[in-house]
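The chain below stands alone, shown as structure tokens; this is the form predicted alone.
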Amino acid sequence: MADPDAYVALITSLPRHEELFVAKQPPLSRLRLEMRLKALSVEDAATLATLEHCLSWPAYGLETTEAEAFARGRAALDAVPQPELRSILRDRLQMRTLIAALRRRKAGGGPPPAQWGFGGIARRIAANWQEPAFGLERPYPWLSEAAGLLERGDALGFERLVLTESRAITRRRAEGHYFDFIAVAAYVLIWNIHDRWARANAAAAARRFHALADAALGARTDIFAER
């Protein structure tokens, strides 16, 4: 059984998240976050682990298939008891369904089968396969921009858009919860989003550094070759 006072103390001990693309890293380390999360009840800790296992990108290895990812999502939806957290999970899985469809199309694949993904939108996607946003611009306003970014190969811009929408979904569904488990779970899910951006930004910076280094080395090699 959760202790309400312990959850109030837990929430007030967590530093506030900065704006997503201003902060270079999450407001506290994963180790310190884990220390604070020891205040969770056994049941709530298990629910949070289910959410993270489903939604956190590092939980998926390169060998994870599309079918396995969808199966994990369905199992998580069945396991999470809180309606607000199920709504976060459902909305973000629908978002991943749309992203998977965009990637599938860009890779040259055909429309998905009728029972594919989440949210009952596979038929709509298949029926509008050649439309940039599958005819779903109204319920998913971010989808047109995502399609354009993916088509242009703007990986960092695409990541930024996905993380922005993921954070918005999480905050919207947890609105009105401040000192309970819903608030704690939303905080941790947003922590993961900040961590993902920090990693993506660091990876992009490393790629830029290596590209500049290679270019500089190439320029020097050309100079020496001319002599």
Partner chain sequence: MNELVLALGWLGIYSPVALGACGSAIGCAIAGQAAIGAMVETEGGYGRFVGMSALPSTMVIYGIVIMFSLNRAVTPENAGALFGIGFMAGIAFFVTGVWQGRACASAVNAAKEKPEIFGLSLAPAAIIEGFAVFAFVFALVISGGIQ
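None of the values given here were measured: they were computed from a predicted structure. Residue numbers count along the first chain shown, from 1.
Although not depicted, the form predicted in complex with the partner chain is the subject of the following passage.
- Query: the partner chain isn't shown here, but in the model of the complex, which of 157-165, 189-197, 31-39, 55-63 has heavy atoms within 4.5 Å of it?
  - Reply: Going by heavy atoms within 4.5 Å, the stretch is 31-39.
- Applying a 4.5 Å heavy atom distance criterion, does Ala9 contact the partner chain in the model of the complex? Yes, Ala9 sits close enough to the partner chain in the model of the complex that at least one of its heavy atoms falls within 4.5 Å.
- Message: Even though the partner isn't displayed, in the model of the complex is Leu20 close enough to the partner chain, meaning a heavy atom within 4.5 Å?
- Response: Flag for Leu20 set to no.
- Contact of Ser13 with the partner chain in the model of the complex (heavy atom, 4.5 Å): Contact check for Ser13: yes, within 4.5 Å of the partner chain in the model of the complex.
- Task: Considering only heavy atoms, tell me if Phe179 and the partner chain come within 4.5 Å of each other in the model of the complex.
- Result: Residue-level check for Phe179: yes, a contact with the partner chain.
- Query: Which residues from 44-67 come close to the partner chain in the model of the complex, meaning a heavy atom within 4.5 Å?
  - Reply: Stretch hits: zero.
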